[in-house]
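Next come structure tokens for two forms of one protein chain, structure 1 first, structure 2 second.
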Structure 1
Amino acid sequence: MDGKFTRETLCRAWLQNAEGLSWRAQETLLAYFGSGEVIFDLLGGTMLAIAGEKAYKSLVNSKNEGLERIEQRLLENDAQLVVRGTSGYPYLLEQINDPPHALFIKGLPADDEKSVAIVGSRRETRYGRTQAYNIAKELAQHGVTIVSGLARGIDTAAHEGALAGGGRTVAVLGNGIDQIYPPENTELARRIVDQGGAIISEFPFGSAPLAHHFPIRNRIISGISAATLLVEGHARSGTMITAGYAAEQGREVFALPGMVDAPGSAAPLRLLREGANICTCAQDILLDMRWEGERKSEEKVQVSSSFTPEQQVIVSALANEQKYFEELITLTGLSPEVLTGELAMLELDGVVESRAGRAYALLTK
């Protein structure tokens, strides 16, 4: 055995990698026997009683393969193991009631003081995606680590935003660290690690992303974060579970308001009613967490003098909210061909953006 991992670390990895070993059983084993090495060396009848049959079988099998196999798997995946109570283990995570005994980590260990979890629906809307992206980006620019779950939708937007802001982002997986789910985020996962972030998981190598893993995983997302921001979520969803954990763990909970009639607004609006902090922009979080002093003055959409008369009419018609093309025809009284051309020019100048369904809106920064 070379020097990369100590024998104790490998034994703890062996223990963490056991299929079906509950958090509580591992807690008892460690309390009773003191160290991973002792458990590994003395594996026998007492442990069968504590661990249960399934976990014991798995422990015996992987003991027979030898510690070299565990080491090999860690090296193959370029992963490390951080053990609770040692340096590199997230301080904030240590504080929760049931912190993982050890974590598999790819990238830099996730011991961040300023960290915000951004979670939300996998069936997101454009609004939610844009907000998650922008908030993550701005927070990242202020040196805040963005934590999320690498899922589709809001999670992906949050990771992307953090990367775009040049910051650090951490993805907590609901499956073994040797695979990426969903597969289309493989490339994103690689960029997260390359850009100084981390991918972490407490699940054994090769575990599939099973439905019951995610609620367990969610306690880590909120646990390693100083605050949790919920962007969009349906009434009964995993995002509500994460927010629940955050509150239980004594962390700040933020929610981003949405329109009251959208199904994706159910979770954040309920949290707001129950007393969560409101978040309308990254500044809200920075201020409330006392990470930043002054609120910057907001920029206003300027009505430029370089607009043609038609463009001025269009811009003022769009002042309050997005409008559909047919509505704009009625509001501006322009012919379809003129309106089409002017909208193209406004879009090219970055004043207006076109949205799905042939809607147009003023572009705000």
Structure 2
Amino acid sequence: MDGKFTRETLCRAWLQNAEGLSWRAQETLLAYFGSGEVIFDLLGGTMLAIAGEKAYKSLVNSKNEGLERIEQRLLENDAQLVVRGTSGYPYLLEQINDPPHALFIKGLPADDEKSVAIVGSRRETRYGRTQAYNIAKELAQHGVTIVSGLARGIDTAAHEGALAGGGRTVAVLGNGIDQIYPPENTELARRIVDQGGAIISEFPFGSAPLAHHFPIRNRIISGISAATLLVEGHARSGTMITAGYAAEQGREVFALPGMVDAPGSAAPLRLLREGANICTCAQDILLDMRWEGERKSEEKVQVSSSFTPEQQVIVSALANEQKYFEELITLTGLSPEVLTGELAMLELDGVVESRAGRAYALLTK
């Protein structure tokens, strides 16, 4: 091994590459043994009971090939493995109920605070394709990262729009990172990485784009995004799964209205009836997410002696940029209950504003 990857990283890649190893089984193994290295070194009967016969056999076969083979495959695909809880793992994704234990990534890590998932039908209309492209392009021009699934139709239009806007876009695959699906988007995937974006997947090397992979993949699309926009989808569209994940994850959901008698309008109109935010252009998202115009840190409220000690700590933590609730717990050392109460008081006093995804920022003077 050439030292580019730590042994623990390679052991976690070995674990992530096990065919048939469920998220919950991997969670149990890591909780029980504590690290990928221990699991690799002590592979035995306990693992069989937890992982199941198919996954255990895959782990044994892969172990017999050696960690050098795992490293070789990472290098061949110019990929890295980012493990949950370590630097480079997307912060927003870490907040969902079932975050992937590790992600295979080509390009720059997908840890973008200002990010919007744009999803929709593979059988898009010209209207849907044009709107997805234009909205993605304008959002990208405002520094927003566009997330989608590299699929035909709306996904492709969204990625293309982001690139045209000179921005960053992230594609989340429903198969192994060592292949691009659909194959006609191979060149698009290359341009995404070359322009500072990323291709990511939690699925093993060689994993095919199977139908049941895509609903699993969709939780990552919404999970790494502060908001999700559904452009087009039929009544029983799979894109509704992504919108559902976004709502469960506490993220903002937007929908693009279309003609009421168009099949592709069924899913967006249903979301709008259920309370989704309406999106007719990129400005709707920028305004609703409060991303239109960044405030300079010099203009932010300064710590005042009139604040309680707890409030002083909170205001200091927010001095330079917005923070998510979980970050504030770590930075301030306050309990969730105390932090919630003090944030509420600061909001009432016009000192702090709440933003999407349980984020908070200081208001200007």
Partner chain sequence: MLARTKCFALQGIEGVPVTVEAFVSGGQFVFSMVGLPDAAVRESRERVFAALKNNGFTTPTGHVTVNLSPADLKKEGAAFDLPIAVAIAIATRQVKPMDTSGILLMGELALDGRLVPVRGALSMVIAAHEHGMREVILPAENAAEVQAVQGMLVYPAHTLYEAIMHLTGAAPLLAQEQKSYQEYRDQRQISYDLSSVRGQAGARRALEVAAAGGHNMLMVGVPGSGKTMLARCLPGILPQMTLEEAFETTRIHSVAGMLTPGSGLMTERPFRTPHHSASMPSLIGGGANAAPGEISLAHNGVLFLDELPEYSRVALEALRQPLEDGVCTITRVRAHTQYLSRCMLVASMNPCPCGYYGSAVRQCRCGSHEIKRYLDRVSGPLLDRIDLHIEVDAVPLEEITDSKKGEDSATVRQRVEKARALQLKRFEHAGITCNAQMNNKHIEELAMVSSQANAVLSKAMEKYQLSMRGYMRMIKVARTISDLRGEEEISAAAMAEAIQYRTLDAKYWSR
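Because the structure is predicted, anything quoted here is derived from the model rather than measured. All residue numbers here follow the sequence of structure 1, with the first residue given the number 1. Whichever C-alpha set is largest while still superposing within 1.5 Å between the two forms counts as the rigid core.
Asker: Quick check: structure 1 or structure 2 for the form predicted together with its partner chain?
Answerer: Only structure 1 fits here, because that chain is the form predicted together with its partner chain.
Asker: Taking the rigid core as the reference frame, tell me whether residue 20 has a CA displacement of 2 angstroms or more between structure 1 and structure 2.
Answerer: It does not reach a 2 Å shift.
Asker: Once everything's superposed on the core, is residue 343 shifted 2 Å or more at the Cα between structure 1 and structure 2?
Answerer: Yes, residue 343 moves 2 Å or more.
Asker: Would you tell me if residue 318 moves between structure 1 and structure 2 by 2 Å or more at its C-alpha, with the rigid core held superposed?
Answerer: After core superposition, the displacement of the residue 318 C-alpha between structure 1 and structure 2 reaches the 2 Å mark, so yes.
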